[in-house]
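Shown next as structure tokens: one chain only, the form predicted alone.
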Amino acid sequence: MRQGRPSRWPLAGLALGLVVVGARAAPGAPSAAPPDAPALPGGGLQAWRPAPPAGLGLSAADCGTCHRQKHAAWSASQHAGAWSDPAFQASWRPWPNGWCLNCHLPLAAQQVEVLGGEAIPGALHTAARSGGALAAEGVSCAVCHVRDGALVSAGAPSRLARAAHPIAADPALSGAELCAACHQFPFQNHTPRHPFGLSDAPLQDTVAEWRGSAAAVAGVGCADCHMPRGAHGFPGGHDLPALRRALSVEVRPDGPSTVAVRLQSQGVGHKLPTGDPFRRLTVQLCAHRLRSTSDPCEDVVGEAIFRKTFEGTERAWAVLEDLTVPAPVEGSVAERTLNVPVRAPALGWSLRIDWLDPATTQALPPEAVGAVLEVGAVEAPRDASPRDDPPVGR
């Protein structure tokens, strides 16, 4: 790409090539950067250095001794796999930017296991190792629950908890600001060709989307949906049943060679899709009918892609177009309709979620790349007689 010449990139074509993280100071993290790291504009996220109580370490395995249920739920979560997940490794290894690790491997001790020192934002750590047991835990208990020699909980600790270790209540633990540390941040500008910097455009904007939503007005926060009753499984964009509940689909003809595809959000407190910029919801229009999510759409006659696209130069990124489904706000329906040209009559449709940059997916199993959420039949034209369509399948 020539310097200064703008180019347009869809989600799947960002030159960044991976998830970039960090834009806020982490709770409990010092403000000073490591001696060999550049100063971060805008208070960029640094490695976290929590000090556990005497007798306890930073490993989640220590917590699991007593907190078996929560440890088991966390172990199966995306947080636990933030570093070891094959999809992240496939994205990060070709362009191992230190900034990414401050959320995917947030403890300084984890970074030392992998890098031999702390991550440097904007630097490419080409000598990164696989890491040890601590790195394998990704975003672990200590990241959220250890502060200054004590543990913290969102609610008042029990007598048993106070007897087991130093612990204090911190209501902020269940607030959106803690989530924002890794789910609300701007693009980093291109590195290492130019000095590390942060763009004005948000790369992940989930918490800001929530702040303007009906959910926020009603007092429904991140933890209410993603940690119901204090559960630690953190369901989100990879939870297929939750995604199916979150969306309704309508596909109908809108002229002789156009189909209208409408996605409606069902009470979600942010846009869909949200988070990682490569995520996209695609409705494929098929020349034949589909009866289940295992049926392939073999003859695609058109498709509607709900995603963000970006414009990039050598130095910065900006959001070019936003075709995601908006977050619900009071008094309105959260939906988006795309009018899709078709090269032949469409009889069926398939709704799919994809999580990754296609450039990184070739060596991954299909289930790590994305999944079909729903299939259905294209509705009859409104002036036509009803027809006997097959049922929607999963």
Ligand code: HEC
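For every residue, the number given is its place in the sequence shown, counted from 1. Under this definition, the rigid core comprises the largest set of C-alpha atoms superposing within 1.5 Å between the forms. Note that the structure is predicted; figures quoted are calculated from it, not measured.
FYI, the form predicted together with this ligand isn't displayed, but the following is about it.
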Give a yes or no on whether each residue among 88, 151 and 276 has a heavy atom within 4.5 Å of this ligand in the model of the complex.
yes
Candidate stretches 300-308, 96-104, 248-256, 122-130 - the one whose heavy atoms come within 4.5 Å of this ligand in the model of the complex
96-104
Of the options 179, 108, 114, 136, which one has a non-hydrogen atom that comes within 4.5 Å of this ligand in the model of the complex?
179
The listed residue (316, 227, 287, 319) that reaches within 4.5 Å of this ligand in the model of the complex by any heavy atom is 227
Contact of residue 349 with this ligand in the model of the complex (heavy atom, 4.5 Å):
no
Any non-hydrogen atom of residue 47 within 4.5 angstroms of this ligand in the model of the complex:
no
Should residue 237 be classed as touching this ligand in the model of the complex when contacts are defined as heavy atoms within 4.5 Å?
yes
Report whether the minimum heavy atom distance between residue 282 and this ligand in the model of the complex is within 4.5 Å.
no
Judged by heavy atom distances of 4.5 Å or less, which residues of 203-219 approach this ligand in the model of the complex?
204, 206, 207, 210, 215
Shift of residue 331 between this form and the one not shown at or above 2 Å (CA, core fit):
yes
